[in-house]
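The chain below stands alone and is given as structure tokens, in the form predicted alone.
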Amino acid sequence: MTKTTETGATPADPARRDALRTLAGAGAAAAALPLWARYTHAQSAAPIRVGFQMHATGIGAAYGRWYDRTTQAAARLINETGGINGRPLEIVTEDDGTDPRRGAEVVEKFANQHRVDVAYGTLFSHVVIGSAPRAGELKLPYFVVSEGHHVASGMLNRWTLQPGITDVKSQVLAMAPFVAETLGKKVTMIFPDYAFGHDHRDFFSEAMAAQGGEVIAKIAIPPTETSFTRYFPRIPRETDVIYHVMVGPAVLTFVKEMGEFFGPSRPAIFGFIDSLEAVDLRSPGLEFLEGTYFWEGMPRYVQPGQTDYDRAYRAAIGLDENGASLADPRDVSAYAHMFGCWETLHVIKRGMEAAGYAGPQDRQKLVEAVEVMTEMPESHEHPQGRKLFNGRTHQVFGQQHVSKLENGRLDVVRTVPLEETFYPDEVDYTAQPF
């Protein structure tokens, strides 16, 4: 699939126009100009081309659909407020099938066929790991929205950055104290058997040990699995807490079968919302999860004291207070993750403007401009909350949320500030050559 959109040319509906007025502030005047007038002051009228590596098919398709909607909304806003360096932003989309080999092919296609300025948007960690080396060889800035620890671990290269979403290592550091203090010390982990799941396995085990707890069983499940009943008898009887983080199209089946296995008697349960991302929490069979806890990157349901940033962000994408599409309340978003696309596109914009980016010859300048970023205040560009970017490790840090499922919705019970999610640097990409 190849899709090219100059999203500034699409008229906005009334709700989105209201969001634009809130988001744009002083830039709203630019949005009133016709497209030709907005970009006449630029050195070039050619668009900035961002190659969006989309999981349109495969096990990441639910995420890909919402990453796409968020990307298109952010790009529309950027274009309606003057573009990047006075040039329109164009999103060029290719489906990678959530497949690492195909991902590398997409990166090459972006560089050699589409001639994009940067590549962006990859989520599933095995696809990132399969694609990033080719981006490095092509000297193509590769902005991922993935969560895996592969960037900050030093596994990848200087051309690969994760400035819009936190990584698993910082997330589990934030969650382990809550699990140990509130739910229990003996944990059984259920996780997908690939790099993302292995990050959870390794780093949560370490984090629980630091809290005086222990992971007593680690159950790895292929991410393409469609039935899970045979795995549950492996959960030890002495388990205090089941920790689950599953992905893929069968996540609802996984949770339902876990409920059928335990019935009314179950251990405490702590999950990452990945196990139910883009799933209606009122779906039949999920009743047994009432009273259990989840990690959320950005709360799906509107919380008391909702910020103007969250309100405008929802309106720009077309979401209701439950994180579902305004057009169809059954169409539930991947709200805990997709903000990373919105925020990463704004980081790219900010980096290009700081670097005076004019074309591919300035790609190194762009990477260097992002590397010197630090504070990212909560704002319309960063609606999830305040962040701190570590230019040495190419990884951003931000706040994390513990939410409790009650009455069919998730309510935040603890927000962990970003300062409690730091860990020592494992790499300094700025010391590496381009």
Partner chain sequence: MEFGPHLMLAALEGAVTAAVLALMAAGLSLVFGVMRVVNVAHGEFYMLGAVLAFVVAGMAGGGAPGFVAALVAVPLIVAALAVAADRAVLRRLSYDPERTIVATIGILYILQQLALMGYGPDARPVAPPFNHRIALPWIDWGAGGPVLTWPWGLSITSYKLFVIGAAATVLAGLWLLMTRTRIGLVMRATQLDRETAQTFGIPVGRVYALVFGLGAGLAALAGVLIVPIQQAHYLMGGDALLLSFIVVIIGGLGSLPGTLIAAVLIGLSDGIISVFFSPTLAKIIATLLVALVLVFRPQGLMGKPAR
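Numbering follows the first chain given and starts at 1. Being a predicted model, the structure only gives us computed values, none of them experimental.
This next part talks about the form predicted in complex with the partner chain, which is not shown.
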>> Given that the partner chain is not shown alongside this chain, does Arg386 nevertheless sit within 4.5 Å of it in the predicted complex, heavy atom to heavy atom?
In response: no
> Quick one: does Glu353 come within 4.5 Å of the partner chain in the predicted complex, counting heavy atoms only?
Replying inline: no
> Any of the heavy atoms of Val245 lying within 4.5 Å of the partner chain in the predicted complex?
Replying inline: no
>> Against the partner chain in the predicted complex, would Leu405 count as a contact residue? Criterion: heavy atoms within 4.5 Å.
In response: no
> Of Gln211, Thr307, Thr226, Thr182, which residue is found within 4.5 angstroms of the partner chain in the predicted complex when only non-hydrogen atoms are counted?
Replying inline: Thr226
> Taking the partner chain in the predicted complex as the reference, which of Lys186, Arg311, Lys256, Arg363 has a non-hydrogen atom within 4.5 Å?
Replying inline: Lys256
> Tell me which of 49-57, 393-401, 365-373, 378-386 has residues with heavy atoms within 4.5 angstroms of the partner chain in the predicted complex?
Replying inline: 49-57
> What residues of 347-375, in sequence order, lie within 4.5 Å of the partner chain in the predicted complex by heavy atom?
Replying inline: none
